[in-house]
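The chain below stands alone and is given as structure tokens, in the form predicted alone.
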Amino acid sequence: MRKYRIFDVGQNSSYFNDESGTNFDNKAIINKVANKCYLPANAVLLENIKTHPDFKVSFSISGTALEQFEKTAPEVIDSFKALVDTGNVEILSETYYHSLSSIYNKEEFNRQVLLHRKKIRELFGVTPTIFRNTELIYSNEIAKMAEEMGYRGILAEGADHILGWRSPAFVYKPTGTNNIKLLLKHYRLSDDIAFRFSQRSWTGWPLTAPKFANWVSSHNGAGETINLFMDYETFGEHQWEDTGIFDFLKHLPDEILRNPDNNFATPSEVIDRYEVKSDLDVPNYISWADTERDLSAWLSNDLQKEAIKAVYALGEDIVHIDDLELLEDWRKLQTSDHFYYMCTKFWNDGDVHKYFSPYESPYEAFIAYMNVIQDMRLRLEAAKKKQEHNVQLHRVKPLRFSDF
């Protein structure tokens, strides 16, 4: 979203930074990350599949990201299609707008998931059967919602405080569900790649493919599945090419498969292959963000709470108004990143939030967002009046010559 000023309210309803040549313009960012990450990483994965037909991988891509690829970098869509066409790549479901709707509006959550499912079918010709919620936000209730929508599996963070003595290397059943299975991210091994790969102060540096493969193999006999899940931008964007991240990715399948007890599988194959180890009760929300692995990355302060309360309050009327542009803008305002930029945490988590934010401070992010909300309110009131006027016109009995 652009730095929307109070003077723009009621004058300019262009909220998003889509014009070329501006700071943090969306087109430039997409092209930059496409060239640094998506295209080269997809090329490595495609070559890995050709070299190792048993190599498998899965992706969760929001609808908004797919839209931006289509508009700005269609070659990225083509590269993902080539991967899906191999049969070794699984596409997962999520909310179309990468939103927090699962927490605040179940009906909107269902609509966004169905929109995303439709988009995946249109682009890739497949229908996802595994669900991963925005930012791996998960609870018993979210698992029930996913099961009600027909999903066979769901992903969540293997957070220590919900696992206790148990291991994330098994398949679990969400408490209160009947058939859906739960796959947990092995966050330590995932974070070794995503966050620590180029960290020279880390005792595991340098991380090589043989070393990582040995760490994976050490779980044999004490687990059934190692679920690695990370931002795809890990490859080339967060960890730059000169760190050796692409070489690591290229050689990883070969090193993993040197051990005859190891293999690769998609999430669907994992839940088909292994029985449930036990129920796992997660009554409160968890996520993969920050050290707390809860909702505090988006909802830890009054700024965030006020902003998210305001946007979902608008939806009570917007969904009943026949204004597709207004509805689209409202849904884009639900994207979790907007609230992430308003986080006021300190230390390491705070540094991560600052790294991703286009704003100079959380307060600037909040002010811009609430200015947009105010403009949305004005547009909503105008749309309601227009719709009421059209209804009244429809109700007026047309005059006929016979009435005179």
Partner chain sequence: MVSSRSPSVLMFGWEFPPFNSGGLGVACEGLSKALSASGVDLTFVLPLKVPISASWCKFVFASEASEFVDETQITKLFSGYENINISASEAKKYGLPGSISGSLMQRVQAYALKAGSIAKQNKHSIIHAHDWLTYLAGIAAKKVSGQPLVVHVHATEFDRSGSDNVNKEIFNIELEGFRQADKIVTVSGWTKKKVVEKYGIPPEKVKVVYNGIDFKENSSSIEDNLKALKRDGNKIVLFVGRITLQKGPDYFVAMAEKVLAHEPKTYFVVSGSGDMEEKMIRSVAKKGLSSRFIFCGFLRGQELDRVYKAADIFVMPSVSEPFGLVPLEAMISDVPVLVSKESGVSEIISSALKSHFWDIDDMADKVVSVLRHQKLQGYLSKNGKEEVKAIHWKKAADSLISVYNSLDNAFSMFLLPSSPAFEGAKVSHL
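Residue numbers count along the first chain shown, from 1. Values in this document were obtained by computation on a predicted structure and should not be read as measured data.
Unshown form predicted in complex with the partner chain; subsequent notes refer to it.
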Identify whether the partner chain in the model of the complex is within 4.5 Å of every residue in the set 18, 24 and 67, based on non-hydrogen atoms.
no
Per contact check vs the partner chain in the model of the complex (non-hydrogen atom within 4.5 angstroms), the hit among 101-109, 131-139, 301-309, 117-125 is 301-309
Using the partner position in the model of the complex, report whether residue 61 sits within 4.5 Å of the partner chain, counting heavy atoms only.
no
In the model of the complex, does residue 34 come within 4.5 Å of the partner chain, counting heavy atoms only?
no
Counting only non-hydrogen atoms and a 4.5 angstroms cut-off, does residue 371 reach the partner chain in the model of the complex?
yes
Answer yes if any heavy atom of residue 344 is within 4.5 Å of a heavy atom of the partner chain in the model of the complex; otherwise answer no.
yes
Tell me, out of 376, 367, 49, 41, which residue has a non-hydrogen atom within 4.5 angstroms of the partner chain in the model of the complex.
367
Contacts with the partner chain in the model of the complex, stretch 1-18 (heavy atom within 4.5 Å)
4, 5, 6, 7
